[in-house]
Ligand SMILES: Nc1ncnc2c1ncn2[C@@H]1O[C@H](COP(=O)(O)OP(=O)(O)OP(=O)(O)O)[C@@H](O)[C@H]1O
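Take a look at this single chain, the form predicted on its own, given in C-alpha coordinates.
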Amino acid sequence: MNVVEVKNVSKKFGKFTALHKIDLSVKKGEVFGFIGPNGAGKSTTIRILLGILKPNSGYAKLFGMDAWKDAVEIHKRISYVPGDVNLWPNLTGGEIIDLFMQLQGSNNKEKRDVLIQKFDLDPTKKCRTYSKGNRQKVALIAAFASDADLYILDEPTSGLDPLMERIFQECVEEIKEQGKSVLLSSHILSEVERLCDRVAIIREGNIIETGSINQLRHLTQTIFKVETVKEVRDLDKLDGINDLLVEGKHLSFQVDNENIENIMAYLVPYGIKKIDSTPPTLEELFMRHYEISSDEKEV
(Lines give C-alpha, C1' and ligand atoms only; values in the text may rest on other atoms or scores of the structure.)
Protein backbone atom coordinates (compact mmCIF):
# COMPACT_ATOMS: atom_id res chain seq x y z
CA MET A 1 0.00 0.00 0.00
CA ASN A 2 1.24 3.48 -0.87
CA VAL A 3 1.66 5.97 1.97
CA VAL A 4 0.18 8.68 -0.28
CA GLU A 5 -2.30 7.96 -3.06
CA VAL A 6 -3.75 10.79 -5.15
CA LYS A 7 -6.07 9.69 -7.93
CA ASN A 8 -7.84 11.79 -10.54
CA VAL A 9 -7.91 14.85 -8.25
CA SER A 10 -9.25 18.14 -9.58
CA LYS A 11 -9.64 21.40 -7.68
CA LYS A 12 -11.37 24.53 -8.90
CA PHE A 13 -11.58 27.99 -7.39
CA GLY A 14 -14.54 29.52 -9.19
CA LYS A 15 -13.79 29.27 -12.90
CA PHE A 16 -10.06 28.73 -12.31
CA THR A 17 -8.85 25.12 -12.39
CA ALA A 18 -5.89 24.79 -10.01
CA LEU A 19 -5.55 21.01 -10.43
CA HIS A 20 -6.75 18.91 -13.35
CA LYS A 21 -7.17 15.17 -12.71
CA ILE A 22 -3.73 14.65 -11.17
CA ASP A 23 -2.33 11.31 -10.03
CA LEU A 24 0.65 10.75 -7.75
CA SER A 25 1.79 8.27 -5.14
CA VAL A 26 4.47 8.07 -2.46
CA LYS A 27 5.76 4.68 -1.36
CA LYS A 28 6.93 3.66 2.10
CA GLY A 29 10.55 4.70 2.66
CA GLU A 30 10.58 6.88 -0.45
CA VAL A 31 11.61 10.51 -0.90
CA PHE A 32 9.29 11.90 -3.56
CA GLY A 33 10.11 15.21 -5.25
CA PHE A 34 7.33 17.56 -6.34
CA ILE A 35 8.56 20.34 -8.60
CA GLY A 36 7.09 23.09 -10.72
CA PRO A 37 6.99 26.89 -10.98
CA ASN A 38 4.98 29.17 -8.70
CA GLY A 39 1.28 28.76 -9.34
CA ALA A 40 1.66 25.29 -10.86
CA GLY A 41 -0.47 23.62 -8.16
CA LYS A 42 2.08 22.27 -5.68
CA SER A 43 0.72 24.04 -2.60
CA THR A 44 -2.89 23.30 -3.57
CA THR A 45 -2.01 19.59 -3.77
CA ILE A 46 -0.31 19.72 -0.37
CA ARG A 47 -3.31 21.50 1.20
CA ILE A 48 -5.55 18.73 -0.10
CA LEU A 49 -3.23 16.13 1.46
CA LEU A 50 -3.34 18.02 4.76
CA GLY A 51 -7.15 18.07 4.71
CA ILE A 52 -7.29 21.86 4.44
CA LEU A 53 -8.92 21.80 1.00
CA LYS A 54 -11.46 19.34 -0.35
CA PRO A 55 -11.00 18.20 -3.97
CA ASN A 56 -13.87 18.73 -6.41
CA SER A 57 -13.32 15.25 -7.83
CA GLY A 58 -11.08 12.26 -7.32
CA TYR A 59 -9.60 11.24 -3.97
CA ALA A 60 -6.48 11.71 -1.85
CA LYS A 61 -5.54 9.06 0.68
CA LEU A 62 -2.77 8.90 3.27
CA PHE A 63 -2.10 5.57 5.01
CA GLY A 64 -5.27 4.31 3.28
CA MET A 65 -7.41 6.99 4.98
CA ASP A 66 -9.30 9.81 3.28
CA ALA A 67 -7.34 13.06 3.48
CA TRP A 68 -10.49 15.13 4.05
CA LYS A 69 -12.64 12.88 6.26
CA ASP A 70 -9.85 11.36 8.36
CA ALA A 71 -7.62 14.44 8.69
CA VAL A 72 -7.43 14.28 12.51
CA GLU A 73 -6.18 10.68 12.51
CA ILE A 74 -3.80 11.34 9.62
CA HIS A 75 -2.23 14.34 11.35
CA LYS A 76 -1.10 12.10 14.21
CA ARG A 77 1.27 10.39 11.77
CA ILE A 78 2.61 13.29 9.69
CA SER A 79 4.96 16.25 10.12
CA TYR A 80 4.51 19.32 7.94
CA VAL A 81 6.92 22.17 7.28
CA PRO A 82 5.71 25.10 5.15
CA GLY A 83 7.95 27.44 3.19
CA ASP A 84 6.99 30.46 5.27
CA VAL A 85 6.75 29.72 8.97
CA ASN A 86 4.75 31.99 11.30
CA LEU A 87 5.43 31.54 15.02
CA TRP A 88 4.03 32.98 18.24
CA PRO A 89 6.20 36.09 18.78
CA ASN A 90 6.28 36.00 22.59
CA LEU A 91 7.34 32.35 22.91
CA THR A 92 10.94 31.23 22.61
CA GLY A 93 12.07 28.89 19.86
CA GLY A 94 12.61 26.12 22.42
CA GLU A 95 9.10 26.52 23.84
CA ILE A 96 7.56 26.24 20.39
CA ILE A 97 9.64 23.18 19.49
CA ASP A 98 8.48 21.50 22.72
CA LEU A 99 4.86 22.49 22.01
CA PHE A 100 4.97 21.03 18.50
CA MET A 101 6.58 17.86 19.81
CA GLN A 102 3.88 17.46 22.49
CA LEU A 103 1.16 17.94 19.88
CA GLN A 104 2.84 15.21 17.85
CA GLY A 105 3.01 12.96 20.90
CA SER A 106 6.81 12.92 20.88
CA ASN A 107 9.07 13.36 23.90
CA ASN A 108 12.53 12.64 22.51
CA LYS A 109 14.43 15.52 24.15
CA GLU A 110 17.81 14.02 23.30
CA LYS A 111 17.00 14.07 19.59
CA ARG A 112 15.64 17.61 19.94
CA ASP A 113 18.86 18.82 21.57
CA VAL A 114 21.03 17.20 18.89
CA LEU A 115 18.99 18.91 16.17
CA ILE A 116 19.14 22.30 17.91
CA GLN A 117 22.92 21.98 17.95
CA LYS A 118 23.09 20.79 14.33
CA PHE A 119 20.96 23.67 13.07
CA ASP A 120 22.85 26.17 15.25
CA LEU A 121 19.68 27.63 16.80
CA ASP A 122 19.52 29.66 20.01
CA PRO A 123 16.30 28.23 21.56
CA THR A 124 16.20 30.84 24.35
CA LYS A 125 15.39 33.79 22.08
CA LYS A 126 11.84 35.06 21.54
CA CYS A 127 10.51 34.21 18.10
CA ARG A 128 9.85 37.87 17.29
CA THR A 129 13.65 38.33 17.16
CA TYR A 130 14.19 35.46 14.71
CA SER A 131 15.09 35.93 11.06
CA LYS A 132 13.18 33.96 8.41
CA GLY A 133 15.95 31.36 8.39
CA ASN A 134 15.74 30.85 12.17
CA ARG A 135 11.95 30.53 12.04
CA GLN A 136 12.45 27.86 9.40
CA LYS A 137 14.93 26.08 11.68
CA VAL A 138 12.35 25.93 14.50
CA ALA A 139 9.85 24.19 12.22
CA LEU A 140 12.46 21.78 10.84
CA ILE A 141 13.79 20.84 14.28
CA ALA A 142 10.25 20.21 15.55
CA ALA A 143 9.47 18.09 12.47
CA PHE A 144 12.62 15.97 12.53
CA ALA A 145 12.45 15.50 16.32
CA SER A 146 8.99 13.95 15.99
CA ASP A 147 8.40 10.31 15.14
CA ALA A 148 6.21 10.77 12.07
CA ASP A 149 5.63 8.23 9.31
CA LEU A 150 5.31 10.88 6.58
CA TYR A 151 7.06 14.24 6.30
CA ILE A 152 5.41 16.79 4.01
CA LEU A 153 7.98 19.49 3.28
CA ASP A 154 6.86 22.47 1.19
CA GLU A 155 9.92 24.58 0.22
CA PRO A 156 11.44 23.65 3.62
CA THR A 157 14.87 25.27 3.12
CA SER A 158 13.51 28.69 2.18
CA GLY A 159 15.69 31.25 3.98
CA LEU A 160 18.42 28.79 4.99
CA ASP A 161 22.06 29.31 4.11
CA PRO A 162 23.93 26.59 2.14
CA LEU A 163 25.43 25.02 5.29
CA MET A 164 21.99 24.61 6.87
CA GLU A 165 20.63 23.25 3.58
CA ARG A 166 23.29 20.53 3.84
CA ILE A 167 22.21 19.74 7.43
CA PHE A 168 18.61 19.52 6.21
CA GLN A 169 19.62 17.07 3.48
CA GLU A 170 21.43 14.89 6.03
CA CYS A 171 18.29 14.83 8.21
CA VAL A 172 16.15 13.72 5.25
CA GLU A 173 18.63 10.95 4.46
CA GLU A 174 18.50 9.79 8.11
CA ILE A 175 14.71 9.54 8.24
CA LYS A 176 14.69 7.75 4.89
CA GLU A 177 17.08 5.14 6.35
CA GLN A 178 14.51 4.65 9.13
CA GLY A 179 11.88 3.72 6.53
CA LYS A 180 9.99 7.00 6.72
CA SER A 181 8.42 8.64 3.66
CA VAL A 182 8.98 12.22 2.48
CA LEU A 183 7.05 14.40 0.05
CA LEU A 184 9.44 17.22 -0.84
CA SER A 185 8.32 20.27 -2.77
CA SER A 186 11.38 22.33 -3.63
CA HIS A 187 12.66 24.86 -6.14
CA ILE A 188 16.26 23.90 -5.30
CA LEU A 189 16.67 21.34 -8.04
CA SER A 190 20.09 20.12 -6.88
CA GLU A 191 18.41 19.28 -3.56
CA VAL A 192 15.70 17.28 -5.33
CA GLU A 193 18.29 15.58 -7.52
CA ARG A 194 20.34 14.49 -4.50
CA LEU A 195 17.52 13.37 -2.22
CA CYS A 196 14.62 12.09 -4.29
CA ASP A 197 13.94 8.57 -5.52
CA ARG A 198 11.21 9.76 -7.87
CA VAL A 199 10.03 13.13 -9.13
CA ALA A 200 6.74 14.53 -10.43
CA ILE A 201 6.75 17.67 -12.55
CA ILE A 202 3.57 19.74 -12.32
CA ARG A 203 2.69 22.52 -14.73
CA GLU A 204 -0.51 24.58 -14.87
CA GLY A 205 -2.31 22.07 -12.65
CA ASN A 206 -1.27 19.02 -14.68
CA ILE A 207 1.27 16.34 -13.80
CA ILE A 208 3.29 16.28 -17.01
CA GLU A 209 5.88 13.65 -16.04
CA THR A 210 6.59 11.25 -13.18
CA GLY A 211 9.56 8.94 -12.77
CA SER A 212 13.00 8.40 -11.29
CA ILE A 213 15.73 10.92 -12.09
CA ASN A 214 17.24 8.47 -14.59
CA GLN A 215 13.87 7.84 -16.23
CA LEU A 216 13.33 11.56 -16.71
CA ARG A 217 16.70 12.09 -18.34
CA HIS A 218 15.21 11.05 -21.72
CA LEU A 219 13.69 14.53 -21.89
CA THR A 220 17.05 16.14 -22.50
CA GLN A 221 20.47 15.39 -23.93
CA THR A 222 23.94 14.42 -22.78
CA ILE A 223 26.74 16.94 -23.30
CA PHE A 224 29.98 15.61 -24.87
CA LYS A 225 33.43 17.16 -25.21
CA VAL A 226 35.72 15.08 -27.42
CA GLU A 227 39.33 15.40 -28.63
CA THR A 228 40.27 13.24 -31.64
CA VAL A 229 43.53 12.26 -33.39
CA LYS A 230 42.21 13.30 -36.83
CA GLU A 231 39.76 16.06 -37.66
CA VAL A 232 36.19 14.81 -37.77
CA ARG A 233 34.08 15.54 -40.83
CA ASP A 234 30.34 15.72 -41.42
CA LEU A 235 29.40 15.06 -37.80
CA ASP A 236 26.60 17.61 -38.12
CA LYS A 237 24.87 15.37 -40.65
CA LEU A 238 24.21 12.64 -38.10
CA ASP A 239 20.85 12.29 -36.34
CA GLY A 240 20.65 13.49 -32.74
CA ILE A 241 23.55 16.00 -32.83
CA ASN A 242 22.79 19.47 -31.46
CA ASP A 243 24.81 22.61 -30.67
CA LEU A 244 27.91 21.28 -32.44
CA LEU A 245 31.06 23.37 -31.94
CA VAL A 246 34.23 22.34 -33.84
CA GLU A 247 37.66 23.78 -33.08
CA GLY A 248 40.11 21.68 -35.06
CA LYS A 249 40.27 18.32 -33.34
CA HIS A 250 38.21 19.50 -30.35
CA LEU A 251 34.46 18.90 -30.50
CA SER A 252 31.61 19.95 -28.26
CA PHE A 253 28.02 18.83 -28.83
CA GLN A 254 24.81 17.55 -27.28
CA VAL A 255 23.33 14.17 -28.16
CA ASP A 256 19.87 12.67 -27.77
CA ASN A 257 20.44 9.68 -25.51
CA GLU A 258 19.11 7.13 -28.02
CA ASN A 259 21.76 8.24 -30.55
CA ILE A 260 24.86 8.07 -28.33
CA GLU A 261 25.93 4.62 -29.54
CA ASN A 262 25.78 5.63 -33.22
CA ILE A 263 27.71 8.86 -32.59
CA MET A 264 30.47 7.04 -30.70
CA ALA A 265 30.75 4.43 -33.46
CA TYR A 266 31.13 7.23 -36.02
CA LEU A 267 33.93 8.90 -33.99
CA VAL A 268 36.03 5.76 -33.34
CA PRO A 269 37.79 5.70 -36.77
CA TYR A 270 39.01 9.27 -36.16
CA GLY A 271 40.80 8.16 -32.98
CA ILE A 272 39.40 9.35 -29.65
CA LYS A 273 42.16 10.85 -27.46
CA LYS A 274 39.91 12.28 -24.77
CA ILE A 275 36.19 12.21 -24.05
CA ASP A 276 34.14 13.89 -21.36
CA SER A 277 30.39 13.35 -20.98
CA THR A 278 28.09 15.23 -18.64
CA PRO A 279 24.59 13.90 -17.92
CA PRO A 280 21.93 16.59 -17.76
CA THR A 281 21.16 18.11 -14.38
CA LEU A 282 17.59 18.10 -13.15
CA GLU A 283 17.53 21.85 -13.78
CA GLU A 284 18.38 21.34 -17.47
CA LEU A 285 15.86 18.53 -17.66
CA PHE A 286 13.23 20.68 -15.98
CA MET A 287 13.74 23.72 -18.21
CA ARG A 288 13.83 21.62 -21.38
CA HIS A 289 10.60 19.92 -20.42
CA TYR A 290 8.89 23.27 -20.04
CA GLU A 291 10.22 24.38 -23.42
CA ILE A 292 8.91 21.16 -25.00
CA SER A 293 5.51 21.60 -23.36
CA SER A 294 5.26 25.24 -24.47
CA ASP A 295 6.24 24.38 -28.04
CA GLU A 296 3.67 21.59 -28.20
CA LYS A 297 1.02 23.93 -26.84
CA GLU A 298 1.74 26.51 -29.54
CA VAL A 299 1.56 23.97 -32.39
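For every residue, the number given is its place in the sequence shown, counted from 1. All of these numbers come straight from a predicted model, not from anything done at the bench.
Not on display, but discussed next: the form predicted in complex with the ligand.
Only one segment in the set 254 to 262, 60 to 68, 270 to 278, 35 to 43 has any non-hydrogen atom within 4.5 angstroms of the ligand in the model of the complex, and it is 35 to 43.
Residue contact with the ligand in the model of the complex: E155 places a heavy atom within 4.5 Å of it.
The closest non-hydrogen atom of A18 lies within 4.5 Å of the ligand in the model of the complex.
Mapping the unseen interface onto this chain, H187 counts among the residues with a heavy atom inside 4.5 Å of the ligand in the model of the complex.
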